[in-house]
Structure formats: structure tokens, C-alpha cells
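As a starting point, one isolated chain is supplied in C-alpha cells, in the form predicted on its own.
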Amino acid sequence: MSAKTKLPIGQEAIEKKGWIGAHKYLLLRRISQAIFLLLFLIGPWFGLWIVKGNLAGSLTLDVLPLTDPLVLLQGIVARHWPEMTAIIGALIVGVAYALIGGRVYCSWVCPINPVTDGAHWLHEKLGLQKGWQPKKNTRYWVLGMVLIVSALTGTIAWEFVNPITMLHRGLIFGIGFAWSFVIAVFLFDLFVSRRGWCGHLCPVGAFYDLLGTKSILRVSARNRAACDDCMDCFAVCPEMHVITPALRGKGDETPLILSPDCTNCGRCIDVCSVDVFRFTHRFDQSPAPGRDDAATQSPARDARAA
């Protein structure tokens, strides 16, 4: 790779897999996010009430209750005991994300994700500096403060400023004050902190991070021996620190990305021209020699061939 001119990020993948192949999971994520959003909007927009409510709490086909577990937790600490349907809805959502992967919510469901992705894209296009980067555990402190404020005020405090809720309100009721919260997130990621909102501040992401600590769905660097150090995966990953242990590991070290910070967005899979990464499960024990292992084995194979 060092002997070649460094191509723009993702260009090698596009040349090898085609544009669609190199953006497969991006396209699927946008379709998923649009579907979830439209399910909530076609009721107030067109009177077709498949889903009533929003991502904080909803009822699908007047049968299936779904509740954001963080909203339920805020209600409990605020001393408002929820109805049984809300508890059942939170259990359904909580178990699903605990099994699938907590931060799948962030990359495949949350409607703010396209907003922050757009801010990051413009940030890169303008060549802006990385900016202020809060410490990794800041979002957990924000999560703790949300629960404390809920307990002190007796309210579900985060819903008063939650950009996700504000986006829903803005789309339903039109231009209004709610959009200021969404615009603030965009400007924060654009000018203040690159990928700062989702990666460092959002308490919803922090909650689902904790919820998905032992989740089943994982990304694996199974073909890590083929890595050519193009660094594109690090460039596109919103939580780049999760890649190193899996990618740089040796043969006896797991190629699985086990950090709950991973959003399972598939960006690393899309952008890799040599197909290092793939989706799998946390019990995948497939052998995955590291690059050092491959380097030491190659001379031995050449000697045997000679």
C-alpha cells in the first residue's frame, strides 16, 4: 500500500466492489431509519395509524406496546409507577437490544444519526479541525445527571430536550422551536466536536451501550491477515477505538469487536476493499490468523514449495 498513491477514503472499495457494494450497509441503514420514522409519521400525516406514539413509547396495530427502557427508568426514579403495558413494552425493547446489540439503535433506528452523519460529512469536506473531544465517559455522566434531574423534578426530564423527540415534533407540526435542538446537534458536530454528540454526550447512546454489553451480534475482523493498512476503516468508524484489538490481534486473540461502543453500523465492512470485516455473532470461534502470523507462515510455505 505504501508504494501506491493513497486514494480517497473508500475509493479502493468502490473500484473493487462497485458503488453500491461499497455503500451496502449505509443504504440499508438509511432505509431502516426511514422505515422506522415513517411508521410514526404516516398516522399524523395521512391518518394511517399503524403505529401510535413515537420512539419513547408506542402501540403498534393497537396490540404491541413498545417503550424506551430509558424513558421507563426516568419515570420510575421520578416516582411515577408505570402501567403494565409500559413495563411490557420496555421489556420487549430492552431484551431485543440486549440480544441484538444495544447501539444498533444508534446506527439503524435513531433519526438523529443522519443529522450527525451529515454534519461529519460537511466537517470533512470543509477540512475543519477535530475540535474539542469530551472524555469517553462523559456520556455516562450525562446519563446519570438525566436520572438525577428526573428524580429531583418528578419528570421524565430528558424528553424536554431530547433531539429525537424534537425531530418527531418538528416533522409533525412543522417549523417551530423543536427544530432548534436538532440544528444545535448538527452545529455542535460540525463546528465544536467531530462526532461529538453520539460518541461523547448522548445519554440515550450511553444507555444502549450499557444494555448491549453482552449482545450477540458482532463485527469480526476474521480476514485481518489481508489488511493492507489503508486505514479507511479507522477513518469511517464513529468509535474507531473498537477496531484495534480485533484488527491488530494475533491468531490466539479474538477477531471479534466486543466493545459495546460498536454501533454495528457496517461502515468498516463497506469501506474495506480486501473484505477484512464481516457480521457474525459473539460465539464465532472461526480461526483468524493475525497479520504477523501470516507473515511468519508465508516464508515457511515458500520454503516447502521450493
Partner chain sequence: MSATKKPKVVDRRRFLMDAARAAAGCAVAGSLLAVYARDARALPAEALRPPGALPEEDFLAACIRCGLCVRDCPYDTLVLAELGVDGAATGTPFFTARDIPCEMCDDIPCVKACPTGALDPGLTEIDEAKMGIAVLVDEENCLNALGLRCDVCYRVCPVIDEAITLERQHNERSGHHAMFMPVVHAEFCTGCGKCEKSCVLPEAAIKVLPVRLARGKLGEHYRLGWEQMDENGAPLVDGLIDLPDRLPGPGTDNLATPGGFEPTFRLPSGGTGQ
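Numbering follows the first chain given and starts at 1. Note that the rigid core is defined as the largest set of C-alphas that superpose within 1.5 Å between two forms. Predicted model only: the values in this text are computed from it and were never measured.
Only in words, not in the display: the form predicted in complex with the partner chain, which the text now covers.
J.: Counting only heavy atoms and a 4.5 Å cutoff, which of 116-124, 214-222, 158-166, 95-103 contacts the partner chain in the model of the complex?
T.: Partner-contacting stretch among the options: 158-166.
J.: Is Gly75 part of the interface with the partner chain in the model of the complex - any heavy atom within 4.5 Å?
T.: Yes - in the model of the complex, heavy atoms of Gly75 and the partner chain come within 4.5 Å of each other.
J.: Does Lys52 make contact with the partner chain in the model of the complex, using a 4.5 Å heavy atom cut-off?
T.: It does: once the partner chain is placed as it appears in the model of the complex, Lys52 has a heavy atom within 4.5 Å of it.
J.: Lys135: heavy atom within 4.5 Å of the partner chain in the model of the complex?
T.: Lys135 belongs to the contact set for the partner chain.
J.: Even though the partner chain is not shown here, does Pro245 get within 4.5 Å of it in the model of the complex, heavy atoms only?
T.: Judged by the heavy-atom cut-off of 4.5 Å, Pro245 is well away from the partner chain in the model of the complex.
J.: Could you check which residue among Met240, Leu59, Leu27, Val274 gets a heavy atom within 4.5 Å of the partner chain in the model of the complex?
T.: Here the answer is residue option Leu59.
J.: Given that the partner chain is left out here, which of Ile183, Ala226, Leu210, Met145 has a heavy atom within 4.5 Å of it in the model of the complex?
T.: It is Met145 that has a heavy atom within 4.5 Å of the partner.
J.: Rigid core fitted, is the C-alpha displacement of Phe279 between the shown form and the other one 2 Å or more?
T.: Shift of 2 Å or more: no.
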